[in-house]
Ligand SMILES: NC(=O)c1ccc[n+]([C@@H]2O[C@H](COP(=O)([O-])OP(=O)(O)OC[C@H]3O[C@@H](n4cnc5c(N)ncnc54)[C@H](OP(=O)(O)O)[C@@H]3O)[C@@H](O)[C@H]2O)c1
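There is one chain below, alone, in structure tokens, taken in the form predicted on its own.
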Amino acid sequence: MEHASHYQAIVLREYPTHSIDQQTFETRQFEAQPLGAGEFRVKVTHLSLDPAMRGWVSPDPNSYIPPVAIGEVMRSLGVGEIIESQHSEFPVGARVAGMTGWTEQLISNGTGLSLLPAGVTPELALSALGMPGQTAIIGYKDVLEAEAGKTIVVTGAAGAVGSVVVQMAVADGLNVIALAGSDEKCQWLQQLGAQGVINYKSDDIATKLDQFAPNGIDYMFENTGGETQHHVIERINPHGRVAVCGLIADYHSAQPALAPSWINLIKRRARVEGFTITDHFQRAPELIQGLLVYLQQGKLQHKVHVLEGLESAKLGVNMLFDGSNDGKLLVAI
């Protein structure tokens, strides 16, 4: 299969101080290089936009993953088709998923990429079975050790990660309280089976939590930060657990919001644990199998919001922080 002699990619131009803006990235043209032994060429078709990207373009050397360097292709998960190969395990025509970056094309020896099973669409590979779904199941199963009959609060519940947590918890028989920031998102969460749905922008969160969790809260899956943390910790049950997955409300703040008092962590012997998917990439096959159990039972829906064209990634990522995306945010190249 012929391939273009040149391709475009988006590189980091400067680290943003607050929001990602027009100055953060720039598009560059690269010359396609010949394959070496054991390599293959991927034409990227879909990219994943994720909240973690804001941290990846922050020059913090002590974060869980090194920042993207100035002039480096922006880090991203993606899906693509193999258009040329000198690797026996990655044949032409096969589709792969993994760390591609914001680029139209890349050469790989297979590190960081895996073959997509037949029947798995790019949208599914980057949402319910991808990094969002895998993040969800780690926090839900490993960190929270969630059990049937308990009460769980999920913030950012209509997002790519939160919606998977909500659906697993509903399927497993938990009392699910889901928070989102619009009436449309709240309606979808009701359709997914959440027993209690809270619009954090218009509802009184404390009153609603008292209504939906009269016997206290056992688990919290935290995606957003903000005042909900305080209300949940006030109501946390003995040996309750909080899985801290993300804090979208704080990602653009120079000064993070104040956290709840730790007094109830002592009184209730509760546990708060932060985690990231990057510690668990090697477990992808196992995590996907766990998610497939729910998917094959028809208990795991996914919504995607697709932007068109590589250029749309530059500012499109900000939709994750103002909540204007409706489903897992993807770019189709």
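Note that residue numbering begins at 1 and tracks the sequence as displayed. On a predicted model such as this, the values are computed, not experimentally measured, just so you know.
Omitted from view is the form predicted together with the named molecule, to which the following refers.
Contact with the named molecule in the model of the complex, defined as a heavy atom within 4.5 Å, holds for exactly one of 200, 188, 212, 90, namely 200. For the candidate set 248, 113, 205, 120, a heavy atom within 4.5 Å of the named molecule in the model of the complex is found for exactly one residue, namely 248.
Shown alone, this chain has one stretch from 23-31, 261-269, 286-294, 50-58 that lies within 4.5 Å of the named molecule in the model of the complex by heavy atoms: 50-58. For the three residues 174, 177 and 240, a heavy atom within 4.5 Å of the named molecule turns up in the model of the complex in no case. The closest heavy atom approach of residue 321 to the named molecule in the model of the complex falls within 4.5 Å. The named molecule is not shown here, and in the model of the complex it never comes within 4.5 Å of any heavy atom of residue 98.
Although the partner is absent from this view, residue 154 stays clear of the named molecule in the model of the complex, with no non-hydrogen atom inside 4.5 angstroms. Using a 4.5 angstroms limit between non-hydrogen atoms, residue 277 touches the named molecule in the model of the complex.
Contacts with the named molecule in the model of the complex, taken as any heavy atom within 4.5 Å, map to no residue of 25-49.
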